[in-house]
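Only one chain is shown below, in structure tokens, and it's the form predicted on its own.
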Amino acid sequence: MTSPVLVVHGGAGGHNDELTERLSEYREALVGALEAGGRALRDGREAIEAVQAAVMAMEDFPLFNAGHGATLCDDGEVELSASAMRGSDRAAGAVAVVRRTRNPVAAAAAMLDEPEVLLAGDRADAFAAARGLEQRDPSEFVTERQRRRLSTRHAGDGGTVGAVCLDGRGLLAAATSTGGLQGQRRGRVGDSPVIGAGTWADRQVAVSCTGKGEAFVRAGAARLLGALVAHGVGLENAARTVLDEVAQCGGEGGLIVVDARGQVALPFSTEAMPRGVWRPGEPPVVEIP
């Protein structure tokens, strides 16, 4: 048996006024996500269920760019994407451009044992509905806060939410969820639902990325980190190397990673990346620079 650890992030970006003014709300949401994942672990559930629980909690928090309250496309609509990966067998699932599924990460997790890895659009929502996942009218994901931000082209929106976990059996998992970039073209897909770009988990490491998705895709960021760790590179050095590769592709952002020994790394190249760590028997540790 190993000592579990759960790590979450609320997206990499600028340190804007809202983050300062609503700091207590962001902190409470991160603690809530850690506690949701922690409860799953205490109940004997596996890492993949813990990351799903943590990300679902963040999808329901309207100040994060995922699920309810996500950023808006150029026409004022919401398109959501998510992925999940189980390290023990590299099972992976993802959905993209969904508009009705309340918790896209739950749909991604439901894909883990399907022959396909990624479903998109109406078919992804239909799959989620067939699996009994709650569906909403697309308008219910849109908040007045995001309408104002779109109309003023408010800077700083983007990124994702995500979670990585090592459970008591030594199993690893990762999950990521996003609303994409503010004002993005309808149909755009970033790194979050792309396995190996925004999310990766194997028997040695689990990672969830956040930032400018196109750069993370071009860098193959999440899989690159896994390969570096597999070849003996230390966790912190591997994470920094990945962010350097992302920078060479014209992007910035951050990532959270946990390895099979319970070590964590949480680097970012932006001004801020709200994040937190949970370990059994200890209070959650949340950092919002």
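The model shown is predicted, which means the values in this text are computed figures rather than measured ones. The first residue of the sequence shown is number 1, and the count goes up from there.
We do not show the form predicted together with ligand ASP, though everything after this point is about it.
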For ligand ASP in the predicted bound form, the stretch among 133-141, 119-127, 100-108, 173-181 with residues bearing a heavy atom within 4.5 Å is 173-181
Should residue 188 be counted as a contact of ligand ASP in the predicted bound form, where contact means heavy atoms within 4.5 Å? yes
Give a yes/no on whether residue 213 approaches ligand ASP to within 4.5 Å in the predicted bound form, heavy atoms considered. yes
Against ligand ASP in the predicted bound form, would residue 83 count as a contact residue? Criterion: heavy atoms within 4.5 Å. no
Would residue 160 count as a contact of ligand ASP in the predicted bound form, using a 4.5 angstroms cut-off between non-hydrogen atoms? yes
